[in-house]
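Listed next as structure tokens is one chain, alone, in the form predicted alone.
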Amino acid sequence: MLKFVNISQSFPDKFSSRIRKNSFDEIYHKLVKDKAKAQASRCSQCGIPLCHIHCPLNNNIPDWLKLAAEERLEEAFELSSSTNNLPEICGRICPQDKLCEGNCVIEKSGYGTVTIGSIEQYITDVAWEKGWIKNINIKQEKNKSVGIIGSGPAGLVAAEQLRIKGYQVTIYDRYDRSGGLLIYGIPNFKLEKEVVMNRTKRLEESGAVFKLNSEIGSTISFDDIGNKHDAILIATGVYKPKEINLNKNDLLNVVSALDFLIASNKKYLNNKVSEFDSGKLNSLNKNVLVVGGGDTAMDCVRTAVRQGAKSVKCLYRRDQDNIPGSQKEVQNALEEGVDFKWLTLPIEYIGNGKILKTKTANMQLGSIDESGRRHPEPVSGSEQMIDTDLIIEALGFEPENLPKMFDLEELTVTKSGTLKVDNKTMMTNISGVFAAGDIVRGASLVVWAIKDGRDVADQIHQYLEKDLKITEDNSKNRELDHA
């Protein structure tokens, strides 16, 4: 260990931008054994590991880096997966530059961070290849069941944790494939679908039941689910797109990021997608503008490039230093030919039935606002016109109106529309109904959804154990009465 002084930082090699622009395959070469060992050995084994502190899951990063450096990969995998149910997914899509790697002690000392994410992915990919990842070994099946609404990361992780404890688990999802936005929201060039499918297949083979094409409130009622299970977990995520409110004339070629990405991912998975085939959700030969600066916006611009767009521009009202997304994703987009218009805000969509031009204004950064970033302000007289065939709005997501959708008016929500839960028990105001993930905390990272899924599984277990104890005590009391 401690080789950061004489071994340079090195990330996995990328395929050339020329190849990437014509492919939806993951952009990084697989990390090879010697490189993984060398990079892991750069860890300084510091006394207060800031990487560990800044990981929402508190992963034991220095410990499994040490094991990887010593080529004890199976032990490294066991340690990594003890706190993270989806390490190969986090290794691929977590914004490590804002979390573990961005807070690495040797990064702060000027030697360049340990490439934690790529090593995490490498360890778990090897575990799959070597057959170290087995189906869940359930020591004792319980006669209590849990219904989980949503098969995104929070739902999948909660399901795994509950199956480990022996509970019967049924997962309901509105889509025709399990995985939520891991399947339909994140492009294949960041997260290959097989990686997610391996996890859902393992869960299914371990006894979890998936009920797909199940839209709560339409194809199946919430009451029906409630009557079938001893506890319910709502882990639907947030899907309602935020809007910039410029499309007052309902121009057809102004679309939301999620609609665009779901259509692209479905097409990649050989689904029939009429709005893609009609051209509405297809960038081919178009001048594309993406509005936003988060990772979803990066997914959109890079998808548009691969679909064969004539040009792809990204409009963001702040500068590059103040983007909410990962700088690595911005760099990947730049390499692939995306034209970033920093400090630029769209102020008018111009067209007749379809958008033809977008009027923009230049911005300047003023005082710091409630987000901790400098507030963007328009520069007078800076308006410009940009030819536009497709606008993709990637401004973030809000909760859907679940009480109304679920026909469950008594379900309490916060001012922002997220589900209100008890901070300790993670239970909603309805007894036995829990909630976790983005539907509680708002749009966030996959790693936070994993943490929430683990935490809520513990709370559901405590609730059901307490319920079981009450039932057993009542049964004993009845026996004593009869005696």
Ligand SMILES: Cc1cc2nc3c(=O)[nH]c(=O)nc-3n(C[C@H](O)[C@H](O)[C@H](O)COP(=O)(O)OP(=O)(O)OC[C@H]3O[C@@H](n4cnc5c(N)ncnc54)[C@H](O)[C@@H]3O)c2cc1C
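Note that the structure is a prediction, hence the values are computed from the model and not measured. Each residue number is its position in the shown sequence, starting from 1.
Another form exists, predicted together with this ligand; not displayed. Remarks below refer to it.
Residues 185, 299 and 405 are all found to lie within 4.5 Å of this ligand in the predicted complex, as judged by heavy atom distances. In the predicted complex, no heavy atom of residue 27 sits within 4.5 Å of this ligand.
Contact between residue 277 and this ligand in the predicted complex is not found at the 4.5 Å heavy atom cutoff. For residue 338, no non-hydrogen atom is located within 4.5 Å of this ligand in the predicted complex, even though that partner is not displayed.
Using a 4.5 angstroms limit between non-hydrogen atoms, residue 172 touches this ligand in the predicted complex.
A heavy atom within 4.5 Å of this ligand in the predicted complex is found for one listed residue only; from 193, 266, 190, 163, this is 190.
None of 411, 261, 251, 73 but one reaches within 4.5 angstroms of this ligand in the predicted complex through a heavy atom, and that residue is 261. From the list 372-380, 352-360, 228-236, 315-323, the contact stretch for this ligand in the predicted complex under a 4.5 Å heavy atom rule is 228-236. Scanning 132-151 for heavy atoms within 4.5 Å of this ligand in the predicted complex gives 149, 150, 151 in sequence order.
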